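Okay, here we've got a single chain as structure tokens, the form predicted on its own, with questions on binding and movement later.
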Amino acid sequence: MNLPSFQYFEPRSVKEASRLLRQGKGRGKILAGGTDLLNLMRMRSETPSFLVNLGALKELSFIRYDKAGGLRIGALTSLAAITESAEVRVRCPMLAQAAEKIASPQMRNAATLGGNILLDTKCPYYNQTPLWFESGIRCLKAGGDECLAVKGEKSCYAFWSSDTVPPLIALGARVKIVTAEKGRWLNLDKLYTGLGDKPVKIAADEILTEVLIPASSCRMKGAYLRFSQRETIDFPVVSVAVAAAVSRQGKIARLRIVAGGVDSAPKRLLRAEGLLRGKIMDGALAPAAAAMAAREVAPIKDVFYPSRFKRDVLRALVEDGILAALDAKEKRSPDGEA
């Protein structure tokens, strides 16, 4: 399917890119790797008047670590570069593992970290062909009156399905967002609205330029697990990231558990975290926290998967993720028994 008509700009600086976007008053889109946006344009889900390609801004592609600041990754860094980076694999292996699960090697060569952070939510009623919409079937996100995934609802229930975001939030990552005049740092979990049709809080002229993982988080152990129809290519149906640090006394001092695929934004499982924090790991804690996590998520609305199924998957992933992150001796057997 051909792309719709659009104007094309290739700025030489972030400031120039921001000015172009501001002048467009919301009619333009940023082009980074293009692996998601161009597909949406072919499907006519997105029809921007112009594209601002950031490909010439080589300064936005980097991976650097220092003991004081932590691990910094440019927004235009490819997912392939992240998976292959010795620095990432040593400092934050969970992020490399997550990036490696995305799409195919060819797609990872083009896709960027910034693009995956700003990935649009997905729904089979929205991610459709023009022929589908010509039939008159339009969901809330596509200009209709209600969410078709959850009949009668006036809020969009499209799912957040980025692989890199749960690990980054679990590691306490921050992102830098800039305009032509100024920049600001924001905790990554504060970037998301929880609304399926407008998933990120970012102005038309703002550009995400950098990700920072604090040095203290680089010392945490982590695990990223996901369930999908296929091991690669497909977006995750449910994903879980666990980052933990244990004190010298063997107590769980720091812990974050973040789920994807259960809401229109990545979700921290705070009650499950609270159940474990300050405790010494034993065989009963991981299953208890996993059961708490399954109760913690709101009713899951999904076209293809029943809520009970996704809760069961979430519970299993949380339990395995806790055990893996804490290097616990107890491991789940295939039938779920310790």
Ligand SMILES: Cc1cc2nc3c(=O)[nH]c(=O)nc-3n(C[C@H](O)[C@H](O)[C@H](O)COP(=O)(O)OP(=O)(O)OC[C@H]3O[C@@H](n4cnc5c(N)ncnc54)[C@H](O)[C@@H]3O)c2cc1C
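From 1 onward, residues are counted along the sequence shown. Keep in mind the model is a prediction, meaning the values are calculated, not measured.
Here the subject shifts to the form predicted together with the named molecule, a form of this protein not shown in this document.
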The named molecule contact in the predicted complex: residue 233, any heavy atom under 4.5 Å: yes
Distance check, residue 272 to the named molecule in the predicted complex, heavy atom within 4.5 Å: no
Heavy atom of residue 296 within 4.5 Å of the named molecule in the predicted complex: no
Exercise: residue 70 in contact with the named molecule in the predicted complex, heavy atom 4.5 Å: no
Stretch from 183-191, 87-95, 116-124, 239-247 whose residues place a heavy atom within 4.5 Å of the named molecule in the predicted complex: 116-124
Contact at 75, 101 and 226 by the named molecule in the predicted complex, all three, heavy atom at most 4.5 Å: yes
Residue among 213, 208, 259, 82 with a heavy atom within 4.5 Å of the named molecule in the predicted complex: 208
In the predicted complex, the one of 307, 47, 39, 61 near the named molecule [non-hydrogen atom within 4.5 angstroms]: 39
Residues in 146-167 with any heavy atom within 4.5 Å of the named molecule in the predicted complex: 161, 162, 163
